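First come two forms of one protein chain, each written alone as structure tokens, so that there is a structure 1 and a structure 2.
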Structure 1
């Protein structure tokens, strides 16, 4: 079995691996243990004084991790990328998938004693809708034309166009459910496993266990503490000295070091996080598909995976779906690094050699300029002269990226719960973050029909064709998928991998327990 196959299989099984592929003793034990209650779980979290508990305006790792600690959502995203009921007990699409009925769980209490009903859910969703909304989930909720209560525990959501994936949209961190008209975000109230007891933005936040938590077998610890740690060395030192028990967003360069420390448990999760090089298909040289092809053959993906990610990831194949996605198309052959093919496509474009500027920035991913240099070295053999420009992190997203005057930019995508979300966000010709300015009529047509299709077999065929279209014609070079890497202290049990985000898809506070 290849290393890559091994890594992704192990992630799918929910196991964590040591450097040599051996199970860490702590984790082997965790498999057979039953959860115990008690203790204080301390995590090092990225954050800032701008952090808030407001579901509409939350930012940073803090915002996401706190969302799943204080609040519940209508549905819960599982490690296999399917969803299961959370505050919604069941749901059903009316034929055509433009109207959805959600049945809410009964007898759920908020931290302030109020009982959950339809008004709370409608209020929580409406905060992200409408002209004046400043919510990060505004575009995600834009397709909703109406929400109304059918009775005290049933709501009807009406969309402007069919969407078979609608329930997935309600699993995101913004869509946390708070009581109707609640606005005191310094003291958030939710239905989640923990009640927030203190909040000092950019410094610290603490929670105690919610004694009335409705969910069985979840939220095991007595207290949760988030310490806001942003300095990379300070984060690692805090874990090593035992001041924290959990740490997400571990730099691949630090993984070997952490694996060598007795007691530290490292969990790799293969998932949808990928890096991208966007080739501008609207203006400049990359309007010629041959040059796009040359760029796709000129990149040495394996070298990037080995040298920069140190094996903590998977090769990209110039399309956005990872192997963990249910609609991943395994029939697309992995595009190799082939300088001769790159030369061949340059000739087809009528060129002997080709020079282009690549904009990179630390705002995207760590070491992005070095990754660009690896790309440039490999591309040289294919007749491509890639000049790597390191843009300042300040202003990169506003001024360089998504700017039609830049022929080639660097990006990073966290992956999304569904194929439709990432494709609608980045690849549809009118997508808000179509960083390659790619437009393809057939693709747009497929995207709309696949979104409204309730028949899974038909949908699969459509998503496979869409991946092939992006892979062949698209303006994206996807070098690698980067694993989500987390590290835990020796006391933490119940660890599992999750393809959706760091620290068990941000749900670690309600899933782990502490040993002794």
Structure 2
């Protein structure tokens, strides 16, 4: 899409001047206006025909956004990455942090009229436990040995080892609360601000406002509509034409254009989102750590940050914690782009050159194929022939990613509220989303120990060692941390930055309102 095309269409629409990065003072003032009810909020969302409303099985943006639109959780993650009560009014750990008591909110109704009680919460949590579970939160719930009701609105969670961060785990999109024994995920029932009224996987979904929503000051619009838009140009055109009001995962290359369009509001939030290249450590050439190291030295991270992110992010260093994380290890030297070192590790692996396929898809991040080509150009100088394979967005997460027959796949991680969460979900040996199929006994031991360590200095030392293990031995190439970039149409009010996920930590549907 040309800048001329962008600007001419915008002018025809008569939109007012917007801003990017942070909101302009005028817009900032507008965001402080009193919320009003009404209107239809339309968003462009990434999705696929395999989409589901089952929070346990979701794998992409649609599942996350739908979860926070339909359901509530025990706790809510705030913009400052602290938590506050949601369906749990309060919680308390017994000495040793292996037993936690959660007091549930009373008087909350599901969309089908059932009143929330302890059995609903126990059922919802147990869906993520046990060998048969396929939930993305399975590893986070693995430490639970028992969960029982103390009364109709109080539960006791018992763990096999201490966990100082347990309440944070219940803020994740997977841990949505549904009625006990509920399984009809084509017609999901939650306690959230909106009731789903239609669902066409890979096409669209609609909701109407929950007339009995218990939460004060939330769920302002009458209707919500998600349109599945995977093509980057089509997504921008839909926002530009007014077909949609909200768009996450904005291509950084389009930010300057969007900033020039009257009325378009761009919100840029630095956080824990990182792009990843997963090197299959279980099967194929990357079982050799020398080849993993060659791939880490063969990528020009600065070029990707400059040319693709346009500076909207920071360099990655092959480990998952951003500099904003309290357990970030600043003593790890930044790994440079060094083709000679890549060649050195190829020779240690007994090779003069090396050829491998890299699977990419627009389902991960905008321009992922172009980023792969930048990787390939740099790797070539290090003796690595990287063939970039662009896979269709529809089906990528279900058929390519996490497929042990693929040697190298592209991924994107939005970060998590705690170091324990991201490491437990992606890096632990038995983690369900261990996309690199990496296993390290020392890492697993440290992860368990750090989870229950209440001495912050000792805990910090453990997380530092874990980052070093991932950095040196792990199966991930992490080129950059990318800012969350969202764009909204001129009617949308109540905007705020969030370091946790796109579109206000995926909670935009219940927080924004429409002007006029």
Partner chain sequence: MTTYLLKRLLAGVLLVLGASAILFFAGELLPGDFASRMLGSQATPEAVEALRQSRGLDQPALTRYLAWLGGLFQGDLGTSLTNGREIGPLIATRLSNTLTLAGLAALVAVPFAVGLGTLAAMYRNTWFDRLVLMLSMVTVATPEFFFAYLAIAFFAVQLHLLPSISIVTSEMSLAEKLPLLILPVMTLVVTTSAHMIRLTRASLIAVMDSEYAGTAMLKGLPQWKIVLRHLLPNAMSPIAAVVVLNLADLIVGLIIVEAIFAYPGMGQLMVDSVAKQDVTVVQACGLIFAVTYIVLNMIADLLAILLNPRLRYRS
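Numbering follows the first chain given and starts at 1. Rigid core (definition): largest C-alpha set, two forms, superposition within 1.5 Å. All figures in this text were calculated on a predicted structure; none of them were measured in a lab.
Taken from the structure described as the form predicted alone is structure 2, whereas structure 1 is drawn from elsewhere.
Of the residues 176, 317, 271, 286, the one at the hinge where one rigid part turns against the other between the two structures is 271. 28 degrees is the angle through which the smaller rigid part turns against the larger between the two structures, based on C-alpha superpositions.
Core-based superposition between the two structures puts the Cα shift at residue 277 at 8.1 Å.
In the rigid-core superposition between the two structures, residue position residue 419 carries a C-alpha shift of 2.6 Å.
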